[in-house]
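Next up: just one chain, as structure tokens, the form predicted alone.
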């Protein structure tokens, strides 16, 4: 049963990341490949605070969310002034820079050796060490984020974001603040990723740069594409489905040295197949 709970915890954490990525890629139409970097910043901030004992879990999580909001805004202000392929290249460079920082900044991240011994989450000073208790925490966080995403899609702000995706020039000609709307969406996406990072660090108690590299960003994009862009259901279904796939691969006779490579091949094949034959994903809006 603990194994199933562990799957649910990770799926809910990646649902937060799916919401973050879907908000940018699906709703606004900003093709970013740097969300794993923001995810990593949230994880390392919470890990550093908890290991140092300067903040408890909830304040550290709040600081991580605020830092990731600021980071996404700082990234967005210059990079959102470029469009299309240029923005993809910019976000790609940011992801590579973040991975290099995580790998080489030994004092802040532990470098390539990672950051072990991150304490579990706590509430009012009481540590939550059981898998069921951590599942309750991630479930509450995921439900709050899903509600926020659902309300945004139905609010005037959500309709503005969708209009920007459809025809940015027409929205700008109508006198709407395109750049400010994009930056606001990036800020909210940063908050989701920061919370996910904090939950990830406290659940696993060990984090290293491999969890926040370019492969992780591609995985997030695959979750959104397969689950379905622009919808809450797609943001939930994609992470739950793709995190279950590695368990299916365990029934295939693949040497352990090739398991990670096989998983990346499957994710890449799914991304290409859905982009070609079903771009709206399994539960996304019809394009």
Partner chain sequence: MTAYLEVCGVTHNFGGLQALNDCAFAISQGGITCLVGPNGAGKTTIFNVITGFLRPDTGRVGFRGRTLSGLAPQAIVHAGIARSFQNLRLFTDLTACDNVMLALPDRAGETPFGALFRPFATARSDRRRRADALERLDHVGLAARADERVRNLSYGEQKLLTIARLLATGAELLLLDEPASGLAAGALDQVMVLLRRLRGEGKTLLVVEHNTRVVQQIADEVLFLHQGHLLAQGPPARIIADPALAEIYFGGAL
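Model, not experiment: these values are computed from the prediction. Numbering follows the first chain given and starts at 1.
Separately, the form predicted in complex with its partner chain exists; it is not shown, and the next lines address it.
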Taking 4.5 angstroms as the cut-off for heavy atoms, does residue 157 touch its partner chain in the predicted complex? yes
Any of the heavy atoms of residue 120 lying within 4.5 Å of its partner chain in the predicted complex? no
4.5 Å heavy atom contact, residue 184 to its partner chain in the predicted complex: yes
Find out whether any non-hydrogen atom of residue 204 is located within 4.5 angstroms of its partner chain in the predicted complex, and reply yes or no. no
Picking from 149-157, 106-114, 194-202, 125-133, which part of the chain touches its partner chain in the predicted complex when contact means heavy atoms within 4.5 Å? 149-157
